[in-house]
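Take a look at this single chain, the form predicted on its own, given in structure tokens.
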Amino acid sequence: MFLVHLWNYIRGYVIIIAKGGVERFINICARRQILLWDIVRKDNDSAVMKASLRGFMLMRPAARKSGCRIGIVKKCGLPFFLRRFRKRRGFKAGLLFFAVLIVFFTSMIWEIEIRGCGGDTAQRIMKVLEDRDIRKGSFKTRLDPRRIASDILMNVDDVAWAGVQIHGVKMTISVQSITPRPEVVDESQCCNLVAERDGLITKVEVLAGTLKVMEGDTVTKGQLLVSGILESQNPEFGAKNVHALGRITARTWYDTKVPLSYEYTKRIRTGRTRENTYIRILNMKIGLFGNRRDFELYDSVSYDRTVKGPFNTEIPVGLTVEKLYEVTEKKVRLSAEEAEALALEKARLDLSKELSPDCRVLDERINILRSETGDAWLQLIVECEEDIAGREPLGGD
């Protein structure tokens, strides 16, 4: 029903009053396919109704034939609205500019949505789009959904299938991630298993090869754990080279030293602030007049104010407000406990970069080391349990 009213408003219509012979007039108009609607009887001799502009021009013969007098009560619709501004050239130019602006913005991509994958994969997909200059503000006419999907499949390893759809100003990328494939062991390549680091063996599982160590043995990095030479119990049968397979679990130790510092530089806000505002159009930021950075040292926080379009879509035009907080640096004396806590946090962060993904931490020990000159370090020793077996090709293969 709304679309009917909208269409009548765009075409324009008139509200008329008919007096005398109303029933005959309506019947003649119906036979001649002249549309009348919202007919309301005013009294016994008159009625108010609506008619389109074309219908009003065609109903005069029907009025004469029925002896009905017709008068216009009100003119409604877009044509009559625009007619009032026919002498206002500025309004016409503004209306034309507004129409061109709507066409311009609706021909661009305002929103990109990625479905069916995690954050890391989504970032790699966005990197592929950026490398091909596809982003918010890109024109839809130069985008080929099939080509975009193909580029994603070729450049993102974790994606098994990709589909791209463009609806209005939104581009939706749907992907299906690859199920991780189990590691395929090439048994045709003969190799040994050697220790990748020092450790104390706690568990041995050998699937192929000759075991060279036992539980409880201490091994060093590079030491042979499982030989790829499979020896027969009968010497006359000789030996066979195989691909050594197994899991050698051992206790390992990692350690690091971090200097202890009893002074800490603290940034304190003075209370003075300043706001800078930028106009954001697509991926460009234009600073407004008067933007300054008066502080020598400051912390900054930025937030965007985005303009919302029809149906709550984001228009690539908005404001970016940058708030600056003036700070001063002040050296603070730390207690022994505070200094050790900061050093311990840094030591744990350093060691986390060295631990393997399958490593299980069993225990940690903390030592405070001091030199004769008065310098101090925090030593962190972590005891772990992990698989230390690594492959090494057999000599001569």
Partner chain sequence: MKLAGKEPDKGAKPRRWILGIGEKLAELFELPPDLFGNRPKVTAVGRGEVLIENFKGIMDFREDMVRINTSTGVIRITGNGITIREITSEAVIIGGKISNIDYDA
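What we label the rigid core is the largest C-alpha set whose atoms superpose within 1.5 Å from one form to the other. Please read all numbers here as calculations on a predicted model, not as lab measurements. Residue numbers count along the first chain shown, from 1.
One more form of this protein should be noted, the form predicted in complex with the partner chain, which is absent from this view; the next part is about it.
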Inset, instruction - Would you point out which of 344-352, 32-40, 360-368, 330-338 contains residues with a non-hydrogen atom within 4.5 Å of the partner chain in the predicted complex? - result: 32-40
Inset, instruction - May I ask you to state whether I26 is within 4.5 Å of the partner chain in the predicted complex, using heavy atom distances? - result: yes
Inset, instruction - Just give me the residues of 191-208, first to last, that have a heavy atom within 4.5 Å of the partner chain in the predicted complex. - result: none
Legend entry - Threshold 2 Å Cα movement between this form and the one not shown for D45, core superposed: yes
Legend entry - Large Cα move at M59 between this form and the one not shown, threshold 2 Å, rigid core: yes
Inset, instruction - Would you say whether V22 is displaced between this form and the one not shown, judging by a C-alpha shift of 2 Å or more on the superposed rigid core? - result: yes
